[in-house]
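Next up: a single chain in structure tokens, the form predicted alone.
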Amino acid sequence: MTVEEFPIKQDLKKKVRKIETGEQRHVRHEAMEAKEVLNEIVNHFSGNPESMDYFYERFEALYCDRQKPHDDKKVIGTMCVQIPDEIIYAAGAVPVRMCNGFYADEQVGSEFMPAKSCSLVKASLGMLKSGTNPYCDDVEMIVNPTTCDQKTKTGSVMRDMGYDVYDMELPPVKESEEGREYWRRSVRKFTKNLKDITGEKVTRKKLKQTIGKVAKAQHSYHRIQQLRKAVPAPVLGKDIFLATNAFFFDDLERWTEAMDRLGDEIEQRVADKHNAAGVRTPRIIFTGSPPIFPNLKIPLMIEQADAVIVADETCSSNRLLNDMVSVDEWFLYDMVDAIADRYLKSCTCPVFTLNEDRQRRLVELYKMYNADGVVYQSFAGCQVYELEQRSIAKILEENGIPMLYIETDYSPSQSGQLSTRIEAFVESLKSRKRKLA
């Protein structure tokens, strides 16, 4: 099937404006790249859940048609999952993830970053420079966390582009009380300063309401994660990644309703013993650098190689909605501190000096989801994930868990070589299953 045959709801070819200026041409090319990825997600797999149409159409509308779902609200751009959504919503704005981008954006981003820099960081800068994210012109402020060194240094680059940037300070150690208090102060300061951007003060009532709305979204997400434990696998991982990615820009309550419908359909599939994959398809845990639309290259390759992703440990999916805010007292700054704790204590990002939580989490996911192996993706130039893969590989080997490590960028040129490696890994898992049977 060619790109022109991509049939979600309407003919996207008619929607891409025929424009010739350099910046507009770049936007048009990105719309075509988004169309190609959606075509692969929708049409290269059979048995897609009907309730996924909502999410397919959301990405079509935003990335191909540039239709924004928040025209009536102020937008706060975020560069990391560590930025507390609850506080942004309570301040009368909506958070939109700006840490993504296309392959062509990575090339533009190379103008600002060293050659061996992280592909995601380069793509994000390229997207902001080229304006390929529909919110680039509308964002009131971009909140940039001091997580990895590369993201920290991009703050000055974004300022030079004309964006208003807020640095969100994150401690390098999360286990110490000093680190936790440092982060609480950072979140309190952020809560106070947001009023200057949105014009609305974060109040006790508003914050309690938004904690509840985000918690409802998390309940919907958790329900689907529980259903994915079923054997046979009721849904493919590529759809869960896409649905979760929609959380980055969609209306919160509408997204939650759509996830509820998806959960209902998956629940029925579990009851019917529906198998979304093959009879002997290996079950995969995905971890490492985050798969964010449109760069779902590796997850798609995995499932095209006759494996199924049943769970993940990434900041663009599982880690995004996994843990909930636990409030002891419903006073304003008690809630703010509880939100700060939720974003720090449960975080398993490799930027922290110690990360035994992530090692333990991966082993737990492998067992809980009856998995057969782990695929670890690291973007080229992402030092923290490149460095940590050794310790992850060691702990998995000690537990008898097979792992495939893949280092890649956004380029499609490596597809053949990567497909061969993934297919060989999947075949080895199938052989292992036969011997254990």
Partner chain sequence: MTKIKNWVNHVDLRSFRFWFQLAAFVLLVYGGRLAIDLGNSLPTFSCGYNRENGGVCYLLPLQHQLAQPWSRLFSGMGLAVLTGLGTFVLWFIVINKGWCGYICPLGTIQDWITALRKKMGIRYSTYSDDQFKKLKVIKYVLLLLLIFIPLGIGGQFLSHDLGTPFCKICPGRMIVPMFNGDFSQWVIDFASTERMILTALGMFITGLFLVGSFIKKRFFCFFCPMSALHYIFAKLSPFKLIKDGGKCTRCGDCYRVCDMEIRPIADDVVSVDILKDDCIMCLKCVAACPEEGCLKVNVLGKTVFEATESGFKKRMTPPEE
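Positions refer to the first chain, counted from 1. Bear in mind the structure is a predicted one, so any value in this text is a computation, not a measurement.
What follows is about the form predicted in complex with its partner chain, which we do not show.
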Report task. Considering its partner chain in the predicted bound form, find the one stretch among 286 to 294, 263 to 271, 344 to 352, 127 to 135 with heavy atoms no farther than 4.5 Å from it. Result -> 344 to 352
Query raised in the report: Out of Lys195, Lys73, Lys153, His222, which one falls within 4.5 Å of its partner chain in the predicted bound form, going by heavy atoms?
Result: His222
Query raised in the report: If you check Val231, Val173, Met161, Met324 against its partner chain in the predicted bound form, which one has a heavy atom within 4.5 Å?
Result: Met324
Requested in this report: Please state whether every one of the three residues Gly92, Phe102 and Arg254 places a non-hydrogen atom within 4.5 angstroms of its partner chain in the predicted bound form.
Outcome: no
Query - 4.5 angstroms heavy atom contact with its partner chain in the predicted bound form for Gly212 - result: yes
Requested in this report: Please run the contact check for Lys205 against its partner chain in the predicted bound form: heavy atoms, 4.5 angstroms, yes or no?
Outcome: yes
Requested in this report: Look up in the predicted bound form whether Tyr166 has a non-hydrogen atom within 4.5 angstroms of its partner chain, and give yes or no.
Outcome: no
Report task. Would you please decide whether Gln107 lies within 4.5 angstroms of its partner chain in the predicted bound form, comparing each non-hydrogen atom pair? Result -> no
Query raised in the report: Though the partner is not shown here, which residues of 344 to 363 have a heavy atom within 4.5 Å of its partner chain in the predicted bound form?
Result: Lys345, Ser346, Glu356, Asp357, Arg360, Arg361
